[in-house]
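For reference, the chain that follows is the form predicted alone, supplied as structure tokens.
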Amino acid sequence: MKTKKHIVIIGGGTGTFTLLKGLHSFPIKISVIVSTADSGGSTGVLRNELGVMPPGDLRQCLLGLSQADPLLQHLFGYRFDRGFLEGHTIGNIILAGLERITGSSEAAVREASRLLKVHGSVVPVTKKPTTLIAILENGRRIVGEHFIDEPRHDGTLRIRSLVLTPSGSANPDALRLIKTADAIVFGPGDLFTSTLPNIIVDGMAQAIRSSRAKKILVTNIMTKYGQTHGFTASDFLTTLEQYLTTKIGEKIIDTVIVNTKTPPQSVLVKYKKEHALPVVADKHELARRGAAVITGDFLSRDPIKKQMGDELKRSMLRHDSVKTARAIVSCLKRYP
């Protein structure tokens, strides 16, 4: 029997959730490595008050791979919009409770995976919660993923570097997933708060460089104030490779997937108020860097509705899960 191809996604959050829903329809093995630095909203409250692993991104990835009854999936994703539980999702509370009952985040994820009938693996990148620190180009330090994600500072300033505290070693399970991967996918999702916090964990970048897997970057649809302000697609590539390698100019990423469909004008007007613009597919520069480029219409047509009680800012635009998944799977055929 032919072994299924193994795709490992590095990220977390809504972008990863969207991609997982699309990859479900393909006969592949799927794993996700999730950042442990999330600190906003319901997740931030639970990790601060209970000392548990940040549950939000783990919950979204588990739901993205779930084949449980739709009502149970809806329950895990339900967010209270009033009372003392306002802003909390039931899935976050369940994961926090499972961690307290079982004594470890790994056991909590295993039990949640069983309940949700997860087909695939969801693994936190470290075994303990971490705090993300961004050092801006002017030297200022921004402490906490939430304050990087929703900046109160001048968001036009570029992030010079990222630091994790404590700077522990990578979860051995995460390293094993990378070793067995046929493809490693970075994004879609916030570059500096979802993708890179995984890579700066001790041992992760080296494991990725050593892996024979095809390495695929899915750039965001829009730039983000405070993180990727003014970025083109090649800026995403350059930044990612800077964190992946110690050699200037070393080629790590094989393929870059970029949306070229222009979003509706009404949506662009709203994004402009947040200093965000469509990510430009500068194909010549990407090609000069040695990356294969896949462009096209990867924009979802489904309307995005923010949940009642959700305190965090959410993207109005998302990738089309099936089209993006199809492009990723095509890379496995392109590079046997």
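Keep in mind that this is a model prediction, so the values were computed, not measured. Don't overthink the numbering: it's just position in the shown sequence, from 1.
The form predicted in complex with another copy of the chain exists for this protein as well; it is not shown, and the discussion that follows is about that form.
Look at 286 to 294, 29 to 37, 272 to 280, 64 to 72: in the predicted complex, residues with non-hydrogen atoms within 4.5 angstroms of another copy of the chain sit in 64 to 72.
Taking the partner from the other structure, another copy of the chain in the predicted complex has a heavy atom within 4.5 Å of a heavy atom of R100. Interface membership of G83, defined by any non-hydrogen atom within 4.5 Å of another copy of the chain in the predicted complex, is confirmed. In the predicted complex, none of the heavy atoms of L240 sits within 4.5 Å of a heavy atom of another copy of the chain. Although the partner is absent from this view, L268 stays clear of another copy of the chain in the predicted complex, with no non-hydrogen atom inside 4.5 angstroms.
A heavy atom within 4.5 Å of another copy of the chain in the predicted complex is found for one listed residue only; from D202, E150, D154, E111, this is E111. Interface residue among I94, M222, V123, L244 relative to another copy of the chain in the predicted complex, by the heavy atom within 4.5 Å criterion: I94. Heavy atoms of no residue among I133, R160 and L164 are located within 4.5 Å of another copy of the chain in the predicted complex. In sequence order, V45, L46, E49, L50 are the residues of 22 to 61 having a heavy atom within 4.5 Å of another copy of the chain in the predicted complex; the partner itself is omitted from this view.
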